[in-house]
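Only one chain is given next, in structure tokens, and it is the form predicted on its own.
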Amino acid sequence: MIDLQLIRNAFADRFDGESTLFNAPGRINLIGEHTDYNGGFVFPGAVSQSITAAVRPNGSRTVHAVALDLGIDDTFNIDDERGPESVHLRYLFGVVREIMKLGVAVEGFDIVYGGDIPLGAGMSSSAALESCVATALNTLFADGRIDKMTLARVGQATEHNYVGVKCGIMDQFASMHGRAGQLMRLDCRSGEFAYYPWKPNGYSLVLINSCVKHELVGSPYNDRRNSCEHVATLVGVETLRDCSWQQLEAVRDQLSDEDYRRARYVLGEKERVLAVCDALEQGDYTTVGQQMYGTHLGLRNDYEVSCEEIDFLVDKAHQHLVTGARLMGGGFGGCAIILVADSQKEAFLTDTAKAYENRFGRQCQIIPVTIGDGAKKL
């Protein structure tokens, strides 16, 4: 977490006087990729890396926002239907407008914020910002009466309506609902969720950021989503969540090889998430790691969303007999998430970082992971 006194002092320097601090984390996803739009399960957790904001109502209709990390110091009017042109400020504006839609009498406020979530690492810094601001507005203007899932949907609606990203609910959900030492299984269709213990004694979670993001021609995300929807329609179910292996095999002759492999990955991932649930309840982290490797094979070979750099990192983990490793996120770059025994961690990370730089001519970024709490007033 960023130095709280730094945030307080920056607010006092810019706006003079006291403020209230709020905090919201980024997230990881242990397993369950490309399952959200297929009505399936995801398995996220909040992390210790977070965004902290100092906030105080100012009695006007204007928001004064200072983003320390980005060097932004700007304003917008909360009654302006168009909103600010700045993409970054639109995250704040969207949260304000979506909270107002809930009948909350939001007023203008001053806000200073910063954080330690690595940008571009797929840890959802934007969802953390949305959750932090939503928690602040709920506390300051709604007496805390808005429930966490509704606040998560405020963040999702902000992405949809003001930023133009048609994201699922996982990122905002995890940032709002996180608990230290627990991961969450979220049913993306019903919104139901359950907590699972995360007490990997003798193991650590680590992200290795490849520091690359490949921009591919066309729309690979939409292509894969269309494949899944085509198979679901042919089988006669709403989403692949409800498709069985028998149903998939029954229509195999009517599918292209590509569509079949996309569906095969989704059905396999559904089983892997449920296997991880059982393993965590038993404290069986060996099985958790095996399922992570299984997910990566599916993402690489069937869903085809991995890349050379991420495959290299996962292959190094396999060579070192590391417990588990896989691509985390939508694909084509970003991070590998690693479950490694503490006795192996230092040697594995040192060797992998050196080998990665030798192979690709750039450094990767090692990001330690601690499962932490969700959004809150400090």
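Position 1 is the first residue in the sequence shown; the rest follow in order. No experiment lies behind these values; they were computed from the predicted model shown. Take the two forms, find the largest set of C-alpha atoms that superpose within 1.5 Å, and that set is the rigid core.
Here the subject shifts to the form predicted in complex with a small molecule, a form of this protein not shown in this document.
Engineer: Looking at M170, L129, A232, M184, which is the one with a non-hydrogen atom within 4.5 Å of the small molecule in the predicted complex?
Structural biologist: Flagged contact: M170.
Engineer: Please check if K316 has a heavy atom lying within 4.5 Å of any heavy atom of the small molecule in the predicted complex.
Structural biologist: No, K316 is distant from the partner.
Engineer: Would D36 count as a contact of the small molecule in the predicted complex, using a 4.5 angstroms cut-off between non-hydrogen atoms?
Structural biologist: Close contact exists here: in the predicted complex, D36 approaches the small molecule to within 4.5 Å, heavy atoms only.
Engineer: So in the predicted complex, does any heavy atom of F141 sit within 4.5 Å of the small molecule?
Structural biologist: So F141 does not count as contacting the small molecule.
Engineer: Check G330 for me: does it contact the small molecule in the predicted complex (non-hydrogen atoms, 4.5 angstroms)?
Structural biologist: Yes.
Engineer: Choose one stretch from 306-314, 57-65, 347-355, 322-330: the one whose residues place a heavy atom within 4.5 angstroms of the small molecule in the predicted complex.
Structural biologist: Only one stretch passes the 4.5 Å heavy-atom test: 322-330.
Engineer: So, superposing on the core, is the move of R225 at the CA at least 2 angstroms between the shown form and the other one?
Structural biologist: It does, since the R225 C-alpha is displaced 2 Å or more between the shown form and the other one after the core fit.
Engineer: Please say whether, between the shown form and the other one, the C-alpha of P44 moves by 2 Å or more once the core is aligned.
Structural biologist: After core superposition, the C-alpha of P44 moves less than 2 Å between the shown form and the other one.
Engineer: Honestly, after the rigid core fit, is Y265 moving at least 2 Å at Cα between the shown form and the other one?
Structural biologist: Comparing forms between the shown form and the other one, the Y265 CA shifts at least 2 Å.
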